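Here's a solo chain for you in structure tokens, the form predicted on its own.
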């Protein structure tokens, strides 16, 4: 068994040295850039995340510049990536690292896990990749590789299955080169052991892969269907007054906390299809235009919405701090979430055509 494990590790590491992608955080390994890349790439592909990574490193080249920045600036840099809690936790953790750990990510796992936004996966990734600590990293790619390697048929949504996979990952891990081995496993899942049409004939682990031997690579890993997303319907009211538009800041907690948006009215699918109820609700205001149906999907919400451009101000006076009137050139100064960025595009593109 020891000989087989040694051969497996050697094959994988040799493959990685010859085939790894040239990614910026690999050029000069440092815990700060490793941390940034790991947080940015959660729920995000490398192609989508790279521009954000470069922008963050340019604007916040070290943990101290990140810690000293205002949260709104960080949210502004993050807009479009989604899962904004990642950005807020990144900021909070940077401040703790700067103040409590002398500007260095702690190399103790217990201390690492105490930082905001740092869970077992991120802690293991930073500690192994930057400090060569012997912790296995299990992300979606690694889950798929091990599920096939060990022919694990159980549902990978289950915590019990994840525990089995984590145990296998720790057993397989190279104790001499844990960081490189973890990267190699993730890279193998990204480039070879892909979700669809895995490239088994060129896989460095094919001789040990039970799914390949049993011709089950298309069936594994098994993942049950997710629960249905909650449906939401919004009218988004764009108030325009003397070439300024009303935006508001979302609450301190919850979905898209402290991001900016246009005022929203919740409605239902039927009322979103026509403007009758809208006209009643906006009586006294002139409706200039109404958009077509727009859609945005969150992790647990399927949102459908339409925008309505209204001349004038709402009946209640906007409160200071939470609502602002801004010119269209000022939209980019605020971290406006992606769904309402689509409304800005609709608003500005239509005005160009007038």
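Numbering follows the first chain given and starts at 1. In this text, all values refer to a predicted model and were calculated from it rather than measured experimentally.
Just so you know, the form predicted in complex with ligand ADE exists too; it's not on screen, but the next bit is about it.
- In terms of contact with ligand ADE in the model of the complex, the residue from 285, 324, 26, 64 that brings a heavy atom within 4.5 Å is 26.
- Contact annotation: of the candidates 83, 208, 245, 121, the single residue with a non-hydrogen atom within 4.5 angstroms of ligand ADE in the model of the complex is 121.
- Remark: residue 186 counts among the residues lining ligand ADE in the model of the complex, judged by a heavy atom distance of 4.5 Å or less.
- Residue contact with ligand ADE in the model of the complex: residue 139 places a heavy atom within 4.5 Å of it.
- Not displayed here, ligand ADE is kept clear of residue 309 by more than 4.5 Å at the level of heavy atoms in the model of the complex.
- Remark: residue 193 does not count among the residues lining ligand ADE in the model of the complex, judged by a heavy atom distance of 4.5 Å or less.
- The stretch among 38-46, 298-306, 285-293, 66-74 whose residues place heavy atoms within 4.5 Å of ligand ADE in the model of the complex is 38-46.
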